[in-house]
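The chain that follows stands alone, in the form predicted on its own, written as structure tokens.
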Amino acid sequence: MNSPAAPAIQSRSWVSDKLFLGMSVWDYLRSLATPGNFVAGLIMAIGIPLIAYRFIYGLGAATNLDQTNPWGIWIGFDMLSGVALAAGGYTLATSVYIFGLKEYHPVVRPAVLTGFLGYLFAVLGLVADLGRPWNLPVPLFFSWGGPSVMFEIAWCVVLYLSVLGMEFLPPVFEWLGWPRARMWAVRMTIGLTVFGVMLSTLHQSSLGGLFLMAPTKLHPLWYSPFIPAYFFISSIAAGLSMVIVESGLSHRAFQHRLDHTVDIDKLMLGLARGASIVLFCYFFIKVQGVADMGRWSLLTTPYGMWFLVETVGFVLLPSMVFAFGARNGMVSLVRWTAAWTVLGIVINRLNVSVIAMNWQAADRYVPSWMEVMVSITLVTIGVSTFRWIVNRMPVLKELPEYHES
């Protein structure tokens, strides 16, 4: 009579421990009643029906896109910015597993998780932007467009999203208590990292290569033969900055999940040094691009002023502040500079894809409120998913029984 009840007790224990943080269902639901969760729930309550509205009634009903301006903020913000800011995954994994910078191992898992969620929600933003998203598998599996840049980007993003998912398997298996599966996942780390670097190098630069096909539509100050290099190098700075921002926020929000033996401030100062160097290299090739194309006279125009704001204010300035903050051990300054850099990367991607695109057209694109709300909703769902995972899985701190392995 007792044997049938045992599996039910074990099941309830597993659900309580793994999903409800050791609380009863009622206590867990009460713990969700916080101002932050209320705001997130309100955003999703508005945004998710808008996403459904877009798929039911089409792009024309939900967006201000047209034949002149077919790309809006769902491409510039959700896709281009999301992919760039998710570059911390391959940047940190390469630093630790390929170049042997083992001291940065504590920040690899959150960087990989941020990268995975960044790519996942970038793809969801892309699906929302496609006029016929149900045809997305066609170019991947049935219409092999070898010379197409978009074909290469599609395959690289799909493969790299899969790589990031497999790179994050060790903490998932630790959470589930599957040591043997975790061991095999760890053994794949080096191979996955090498493959991920190859894919990231290809598609980060190819996203910039898309705009090589629009020399008459993109403003001359942003159009350059170097634009694939711009996108790749800036993605490294974006990834490093995003890891610094995410680390600062995580160490405020998840104090109970931290490994307090790790000097996280020292790691952030090291990442700031790397970001400073990468940003200066990025600034140098941006100046070289202007010189190579002979665009100096355009810097005195309104678009030229905005270009200088982006290049000097969001590239050169944070490069210098990163160096100053790292040299003087000013962690708070480094974190604020990282947030400023992240904003600069978003501005750059929006400049290239929206603001400086079709700059001579009389009919200028302005996103609808529904486009903005959908983007905010995707970001909110991404942040909520990150929070849910970190509160349950060993992301910010490895479990002691697995630490040596």
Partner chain sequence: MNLNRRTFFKVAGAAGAVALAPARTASASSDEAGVNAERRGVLVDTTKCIGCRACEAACAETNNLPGPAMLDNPAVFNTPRTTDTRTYTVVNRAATSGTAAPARFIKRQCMHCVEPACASACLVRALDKTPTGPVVYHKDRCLGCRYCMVACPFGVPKYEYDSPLPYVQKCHFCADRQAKGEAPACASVCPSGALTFGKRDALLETARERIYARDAKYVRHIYGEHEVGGTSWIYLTDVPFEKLGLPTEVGTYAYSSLTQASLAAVPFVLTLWPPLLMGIYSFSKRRNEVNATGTGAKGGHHE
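Numbering follows the first chain given and starts at 1. A quick note: this is a predicted structure, and the numbers were derived from the prediction, not measured.
A second form of this protein, the form predicted together with the partner chain, is not displayed here; the remarks below concern that form.
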task = With heavy atoms only and a cut-off of 4.5 Å, decide whether G41 touches the partner chain in the predicted bound form.
result = no
Partner proximity in the predicted bound form: V315 to the partner chain, non-hydrogen atom cutoff 4.5 Å = no
key: Partner proximity in the predicted bound form: I56 to the partner chain, non-hydrogen atom cutoff 4.5 Å   = yes
inquiry  = in the predicted bound form, is there a heavy atom of the partner chain that lies within 4.5 Å of any heavy atom of N69, even though the partner is absent here?
reply    = yes
inquiry  = Given a 4.5 Å cut-off on heavy atoms, tell me which of 323 to 331, 280 to 288, 259 to 267, 191 to 199 is the interface stretch with the partner chain in the predicted bound form.
reply    = 191 to 199
Complete contact of Q255, V379 and N391 with the partner chain in the predicted bound form (any heavy atom, 4.5 Å) = no
query = Only one of G165, G304, P133, P220 has a non-hydrogen atom within 4.5 angstroms of the partner chain in the predicted bound form; which is it?
reply = P133
remark   = Of L249, L308, M150, A181, the only residue with a heavy atom within 4.5 Å of the partner chain in the predicted bound form is M150
